[in-house]
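Next up: a single chain in structure tokens, the form predicted alone.
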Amino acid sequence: MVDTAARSGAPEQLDRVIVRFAGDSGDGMQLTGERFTTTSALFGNDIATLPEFPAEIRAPAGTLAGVSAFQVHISDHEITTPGDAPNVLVAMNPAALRSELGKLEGGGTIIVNTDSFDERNLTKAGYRANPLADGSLDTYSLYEVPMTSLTKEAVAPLGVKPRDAERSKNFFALGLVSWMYTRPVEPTLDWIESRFAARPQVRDANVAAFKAGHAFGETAELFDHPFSVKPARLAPGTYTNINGNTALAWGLIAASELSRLPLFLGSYPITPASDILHELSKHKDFGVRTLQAEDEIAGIGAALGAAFAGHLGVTTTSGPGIALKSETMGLAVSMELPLVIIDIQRGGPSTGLPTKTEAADLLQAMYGRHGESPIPIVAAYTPSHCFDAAIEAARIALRYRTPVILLSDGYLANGSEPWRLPELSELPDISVTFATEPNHTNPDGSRVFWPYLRDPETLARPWAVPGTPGLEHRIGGIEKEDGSGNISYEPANHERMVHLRAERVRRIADDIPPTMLRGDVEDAEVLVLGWGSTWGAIDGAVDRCRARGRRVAHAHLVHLNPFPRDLGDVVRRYPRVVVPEMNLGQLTRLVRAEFLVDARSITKVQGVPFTASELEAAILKELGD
């Protein structure tokens, strides 16, 4: 058959492509990947991304430790992961090539910036010989492009200094890859004009570099033809490209509007949660108040104080910060005040892998406090679901007067996907009624306010804004008498309060949906039970196994404390239960203890998420294939 695309230069149609940009942390790879992603989203493709950052703030340039990468999967159909293996690797230097080559599919395409492959950079990357010349890349489609020198040549007429000109080489790479995959150029050019409007020389240099890269692809005759990935068929609506941290911030703003409460965030910057603070600080027009506190303890203390004052109190952190906040979380349990604690999980313990993803804080969220202090737990499972998870966490906190932990992770926080903006009618009413009148009559007939008289359905106590006339009351960390709130050291009262606080959390199970199930629900050979960001990889793996003729079901948990009421029946229904987790089996332990089933773990703690192919192999192994 004649390859008409190659002969005519017309774009070859693909249903999907995975591109990975890699270079030094100063090469702008995150920006390059984000712009390629945004343009593809505007074009109408479905997308999923995986940004990866160096753990060191200033790793030595040209070394493996300093490599920054951004992987983007674009398709003409619905996708749930950033892809198992890139089809294309753009390597800006030898370190990027050596670090990322193992991730590339066999026979994939490599585009390298040949200007950086000098003896000094090759030595830094640990190469004894130049891989571009020693035949080690012969099994790949290798394209050698002198990006740095071509960029300098393109911007020379603008009077840009060579060192400054070199900084625009990422836009040359973006222009080249945009040509390869027939991305529209106008969105990128408009963005450059807007982003660098205050720095005309930088703006003009980036525009020139982008156009030069695009023109190089068209005229250099290195490539037989470009490729095209058609828009995906998505449900009607207005879409935006969103990452998990932005979705969380917007979800908190929506929860504030839906509850008719002002939003207060008390936070201390920590990777990978800081972007929520940054995003919320931009939205003072919605009545959002943000405090960058001096430490994690001050951040949650301020948020709890705001909750006491009648605000929607929120604090954000990662695993190490959760450890520091634990005492104040116990105080919130004792005071029975609504508070949302957001944990964007990362590799641990201690400082661990601050820029890498992990989901190993589940047991800490369940038990990491003094005494009997149960807290509801909600987990997001995609970047866009972070919006809904934020509203759900706020709903539970407000309705049941309890702190709630919301779990996300670095993969969700930084990954992005198209998100259809919801209609207001699709969002829940989570408005709150404050106490305004005394609720108890003393023996002498006087009326007073008792802060622990409970709603018979939810066991939630009334919420009174300080300063409301006639509602003077005391609450705090010392055990109090149920009803009156007076300090009490009576043994029977303490046991009653412990049971009441636990029962209040248990009753939340009556107020959440049943277990989310898909696949061969009725007759599966194995149930794959997941939570959090494993959803996309599990979804892809289950589909692949079913395509092989194996009967597989997938249950995914959003509510981890309490579990859905039907979860015990669900996990007992299937002969095998496997639990993929980015930890050493924390949900597995909980499920085995709670429901006495032989759930088996599939674990990964490498700082990167599961791929669908990894889980497919693990599921088939469980089935004996």
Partner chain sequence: MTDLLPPPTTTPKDWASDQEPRWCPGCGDYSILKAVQTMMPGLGVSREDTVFVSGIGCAARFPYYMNTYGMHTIHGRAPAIATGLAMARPDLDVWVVTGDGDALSIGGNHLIHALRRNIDITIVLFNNQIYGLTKGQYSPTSEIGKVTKSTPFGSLDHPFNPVSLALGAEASFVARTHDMDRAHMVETLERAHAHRGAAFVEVYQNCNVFNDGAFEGITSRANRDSMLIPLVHGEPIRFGPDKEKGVVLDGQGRARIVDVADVGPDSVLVHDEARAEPGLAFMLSRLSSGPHEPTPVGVFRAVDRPHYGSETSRQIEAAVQRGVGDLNALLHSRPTWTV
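Residue numbers count along the first chain shown, from 1. For clarity, every value in this text was computed on a predicted model and none was experimentally measured.
The form predicted together with the partner chain exists for this protein as well; it is not shown, and the discussion that follows is about that form.
### Query
Taking Ala298, Ala464 and Arg474 as the candidate spot, are all three within 4.5 angstroms of the partner chain in the model of the complex by heavy atoms?
Heavy-atom distance to the partner chain in the model of the complex: all three under 4.5 Å.
#### Entry: Listed residue that, although the partner chain is not shown, lies within 4.5 Å of it in the model of the complex (heavy atoms), from Glu78, Glu327, Glu426, Asp455
After the contact test, the surviving option is Glu327.
### Query
Looking at Gln292, Thr515, Gln364, Asn439, which has any heavy atom no more than 4.5 Å from the partner chain in the model of the complex?
Selected option: Gln292.
### Query
Quick one: does Ile478 come within 4.5 Å of the partner chain in the model of the complex, counting heavy atoms only?
Output for Ile478 is yes: heavy atoms within 4.5 Å of the partner chain.
### Message
Against the partner chain in the model of the complex, would Asp285 count as a contact residue? Criterion: heavy atoms within 4.5 Å.
### Response
So Asp285 counts as contacting the partner chain.
### Query
So in the model of the complex, does Pro564 come within 4.5 Å of the partner chain, heavy atom to heavy atom?
So Pro564 does not count as contacting the partner chain.
### Query
Does Pro418 reach the partner chain in the model of the complex if we count a contact as any heavy atom within 4.5 Å?
So Pro418 counts as contacting the partner chain.
### Query
Quick one: which of 151 to 159, 68 to 76, 106 to 114, 251 to 259 gets within 4.5 Å of the partner chain in the model of the complex, going by heavy atoms?
Selected range: 251 to 259.
### Query
Going by the partner chain in the model of the complex, which residues of 211 to 236 come within 4.5 Å of it through any heavy atom?
Leu234, Ala235, Pro236, in sequence order.
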